[in-house]
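The chain below stands alone, shown as structure tokens; this is the form predicted on its own.
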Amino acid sequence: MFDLTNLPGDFHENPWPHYADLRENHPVCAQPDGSFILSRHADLDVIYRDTETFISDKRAVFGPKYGVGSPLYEHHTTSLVFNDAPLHTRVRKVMVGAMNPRALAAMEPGLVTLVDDLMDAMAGKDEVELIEDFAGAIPIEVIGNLLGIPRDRRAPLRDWSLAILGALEPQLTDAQMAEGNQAVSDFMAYLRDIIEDRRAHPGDAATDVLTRLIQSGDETGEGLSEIELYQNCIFILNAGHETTTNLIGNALTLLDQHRDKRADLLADPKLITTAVDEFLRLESPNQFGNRLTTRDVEFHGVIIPKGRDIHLSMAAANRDPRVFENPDDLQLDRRPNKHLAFAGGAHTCVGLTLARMEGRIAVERFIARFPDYSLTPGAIRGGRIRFRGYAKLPASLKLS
């Protein structure tokens, strides 16, 4: 039986047969710790929509894992994704308001310039590293701009994000736990001067997320506490960083593996809109989500007791043949495409429009600039269960 704490040796390189086995033969897969994996699209859709039966609050799970009062516990029990109403509702409303269509449209020219500048820096090199030089650099700059973090102070952000998100893995070494706790503490200290400066010199609340978070309770008196403010600034960086990095890296990998599809996209750039969602579906940057049951529930004849952790395999659901025709094929024009890469229901990813825009601009402009790129030996997977992407992705900008 599939065990998240004892993965098959080939899982990180090729998880798809294991997900297919879960989905078709063990759609409710009990784990040794009493939790359950669910992997069918219809089941995840039900769970995402029922926020009373399946909650996001993880205090009962994270207390034993991190230790109540630890920096990781404080962060992951205060941030948007692992909370329900009313905190989730308040913070989400602020973030959605800051990422309105006008604000995103205003960001696009700067994003184009950023992507072009990164490509200018790569041009002429015999070999490039697509994560550090390109895919990982884009979301750091975008989120840094959203929060108004000075550009010369962004260097530590990526490493902190990787350490904090890495602590969400099912099993942690003592070193990973220590790195995650230290990253939260360092990030909190780092934010102090930035937040105090923004209080003294507010930005445009229409587009500056940090100013909106600070001022969110000025009229109603229901703003964020200091801890909520700090931890959700950290969450914004983390949520917007690794998944978008993985989207871009995974997309460029797929287009290297399917060069006929790359040719189709080059011939018809308008395909990029549906292509981005197909990249998200086929190689989901976020492979698993979680919920906690508030009552006994039954799926496929299996009773899941109250108070149990459920692992939602979005990656398996996104290749469910009950929903997607030829689910293992890359179809750039796939419509409809009801993938769950952004989760669903009340917890649908708040930054989905921004992530799509980053993916669209990055991939479209990269293949137009370097139509003959090819991946070269030496790719290193991120080694995560929850997130699927690359730590290193070397490439030549000329076709091999």
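Predicted model only: the values in this text are computed from it and were never measured. The numbering used is simple: start at 1 and walk along the sequence shown.
Missing here is the form predicted together with protoporphyrin IX containing FE; even so, the following discussion is about that form.
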Discussion item. Whether residue 342 contacts protoporphyrin IX containing FE in the predicted bound form should be assessed with a 4.5 Å heavy atom distance threshold; does it?
Written reply: yes
Worksheet entry | residue 76, heavy atom within 4.5 angstroms of protoporphyrin IX containing FE in the predicted bound form | no
Worksheet item: So in the predicted bound form, does any heavy atom of residue 47 sit within 4.5 Å of protoporphyrin IX containing FE?
Response: no
Worksheet entry | Contact of residue 235 with protoporphyrin IX containing FE in the predicted bound form (heavy atom, 4.5 Å) | yes
Worksheet item: What is the one choice in 163, 280, 131, 252 with a heavy atom within 4.5 Å of protoporphyrin IX containing FE in the predicted bound form?
Response: 280
Worksheet, complete the sentence: Exactly one of 347, 65, 40, 360 comes within 4.5 Å of protoporphyrin IX containing FE in the predicted bound form through a heavy atom, and that residue is 347
Practice prompt. Tell me whether 88, 291 and 354, taken together, all sit within 4.5 Å of protoporphyrin IX containing FE in the predicted bound form, counting heavy atoms only.
Written response: yes
Worksheet item: Just one stretch in 119 to 127, 79 to 87, 173 to 181, 155 to 163 has heavy atoms within 4.5 Å of protoporphyrin IX containing FE in the predicted bound form, so which one is it?
Response: 79 to 87
Worksheet item: in the predicted bound form, which residues of 231 to 269 put a heavy atom within 4.5 Å of protoporphyrin IX containing FE?
Response: 235, 236, 239, 240, 243, 244, 247
